[in-house]
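The chain below stands alone and is given in structure tokens; this is the form predicted on its own.
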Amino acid sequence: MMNIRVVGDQIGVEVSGVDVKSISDEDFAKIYQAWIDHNVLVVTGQELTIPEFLAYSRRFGIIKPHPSKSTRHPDYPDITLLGVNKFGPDGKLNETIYRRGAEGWHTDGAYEKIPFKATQLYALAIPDRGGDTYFASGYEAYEALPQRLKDQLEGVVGAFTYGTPGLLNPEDEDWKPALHPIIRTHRESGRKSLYFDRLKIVCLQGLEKTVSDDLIADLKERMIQPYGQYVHKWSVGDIVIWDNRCSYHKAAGDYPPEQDRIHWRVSIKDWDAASVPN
């Protein structure tokens, strides 16, 4: 029997007692709404093949291959492999792979003209300790802004670019910044969120550089609210999806390097992504 329970104060919900391979449309609608309401959705206890994981993921939207071609699955390019090949031929730890996602709080796909709606991970191997993923609510970040900042940022557009060095092929590194509103109204929930990424933000369009720089520095301090966070401690078989339109995340980057922390990852856009406004 499906059970849905809230796991965080303002963000995070867990679903148990389901098999996503055979879930009905009625039950999926409940899961989808729980995700919209709580930003981050955990489904526990799954045993999936890649085609089964992809089929479930496509119920949320259209899967788009991640721009990091070197980390795509060789047979399933829609899948990004996280945590594999982290040691080079010389036995040295590749920090870019080991600490991927742990560089700081961010939202996936802000560098895209139409950002990723969601990111979904499926856990294949988990270390004995560490390796958690942290999430924070963009809704709460917006609500916590003083009214003067809400007014100042309304209608302001940010320029975002790809922010993780070492993951793109040389021919893909000349990334033209994408433009998105800093205050974003979620098209499904109707709530306002602070759309921000401290790693990918370049500037705020139409503002003097000093004003833009000062505002960005201020938002870096305000984007994470302590009462709007959820920490996920992984188990093998967990599926976690988060809403990039209204939340931030980061990996801990603290697990024993000699142990495995391996996930399948997909990047998801809306079904009508070509017509969705930024």
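Residue numbers run from 1 along the displayed sequence. Note that the coordinates shown come from a computational prediction; the quantities given were computed from them, not determined experimentally.
There is another form of the same protein, the form predicted together with a small molecule; it is not shown, and what comes next is about it.
- With the partner omitted here, the stretch from 242-250, 222-230, 47-55, 31-39 that lies within 4.5 Å of the small molecule by heavy atoms in the predicted bound form is 242-250.
- Checked against the small molecule in the predicted bound form, the residues D78, E112, D108, E140 give one hit for a heavy atom within 4.5 Å, which is D108.
- Site annotation in the predicted bound form: the residue of L145, I126, L121, A159 reaching within 4.5 Å of the small molecule with a heavy atom is L121.
- Within this chain, T133 lines the site of the small molecule in the predicted bound form, having a heavy atom no more than 4.5 Å away.
- Within this chain, R265 lines the site of the small molecule in the predicted bound form, having a heavy atom no more than 4.5 Å away.
- Among heavy atoms of K269, none comes within 4.5 Å of the small molecule in the predicted bound form.
- In the predicted bound form, the small molecule lies within 4.5 Å of some heavy atom of L82.
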